[in-house]
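Before any questions on binding or motion, here is one chain by itself as structure tokens, the form predicted alone.
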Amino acid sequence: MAAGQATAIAPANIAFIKYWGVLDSELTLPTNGSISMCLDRCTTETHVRFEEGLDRDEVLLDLYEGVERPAEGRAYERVVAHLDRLRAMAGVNLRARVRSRNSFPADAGIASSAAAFSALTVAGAAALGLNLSEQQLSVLARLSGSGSACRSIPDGFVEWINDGTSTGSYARSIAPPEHWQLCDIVAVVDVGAKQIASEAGHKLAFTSPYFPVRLQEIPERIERARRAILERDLATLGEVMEADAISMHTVAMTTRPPAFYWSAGTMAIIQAVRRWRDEGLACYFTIDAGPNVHVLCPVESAAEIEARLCLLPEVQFTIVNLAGPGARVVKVS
């Protein structure tokens, strides 16, 4: 095969019903399905070029710093392992140059690995001339080790279906982005990397005595969340979304050793959101594996809620998102 190259953009996603706990680390099979929304302004752009004459893969990352740095250690190994999957599918041995740039902080609980590995999957497959379906791309993105990357492949509002097999564990769209003008405001309280990575947290989940209770609750939550999205029912979605976030973090806080992702700033935002809701503003919170808080609200009240968030001393800045498209190729040659 001749050298090829492609550029892809992929979104982070915010999980309304969380993926937490992995049954099979090699295949990244989750303990439960999940539901999420692709974020239109939290994106990763990745360029992959396969070349003759390279001795090793070269990976440069700009993780919201404005400076490209070579990937090292585990980060580099994960990219190379995923490129190896793509090369095996295409039957080639060419090394690659990879350049990836984030529009939002990485490793801070805003699904940066989901955006990164879905972008790498789509760009790498296109550069190698692989003609894969959305389902195949979703399965492949999941195999990267970042399970939630599979949810960044389809557009808009997304459900990760999981039947316990590799081919049957993939994401599909519930509704396109234009279905619902739902706004996600990310309130950033800390841009630093979390102390316990999600990868470790998934493995620790089984040590929590609350984990079996959480798994029993998930099917009903998924059904309620799916119906709420289709009916554009924020009150129901907000209620189940908050319950699931608290459930996930209860598991994290009761593992051995415990994983504390929340900070004082996290709690300040939770309390503010509940207070504003009591005042009549429709807004609800959810939190992935990190201290930063996602506040969901109707687009009509987004400006007011963002302004209120920015007045909180714990909030460094905000990122306002609507539902957006999934991973897509923007250039190939």
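In this text, residue numbers run from 1 along the sequence as written. No experiment lies behind these values; they were computed from the predicted model shown.
The same protein also exists as the form predicted in complex with a further copy of the same chain; that form is not shown, yet it is the one meant from here on.
Residue contact with a further copy of the same chain in the predicted bound form: R214 places a heavy atom within 4.5 Å of it.
Interface residue remark: Q271 is counted as part of the site for a further copy of the same chain in the predicted bound form, having a heavy atom within 4.5 Å. The closest non-hydrogen atom of M267 lies within 4.5 Å of a further copy of the same chain in the predicted bound form. Y210 belongs to the set of residues with a heavy atom inside 4.5 Å of a further copy of the same chain in the predicted bound form. Just one listed stretch, out of 171-179, 137-145, 254-262, 152-160, contacts a further copy of the same chain in the predicted bound form at the 4.5 Å heavy atom level, and that stretch is 254-262. Screening I246, L132, L230, A200 for any heavy atom within 4.5 Å of a further copy of the same chain in the predicted bound form leaves a single hit, I246. For the residues T250, S166, S103, T236, the 4.5 Å heavy atom test against a further copy of the same chain in the predicted bound form is passed only by T250. Taking a further copy of the same chain as positioned in the predicted bound form, none of the residues of 7-23 brings a heavy atom within 4.5 Å of it.
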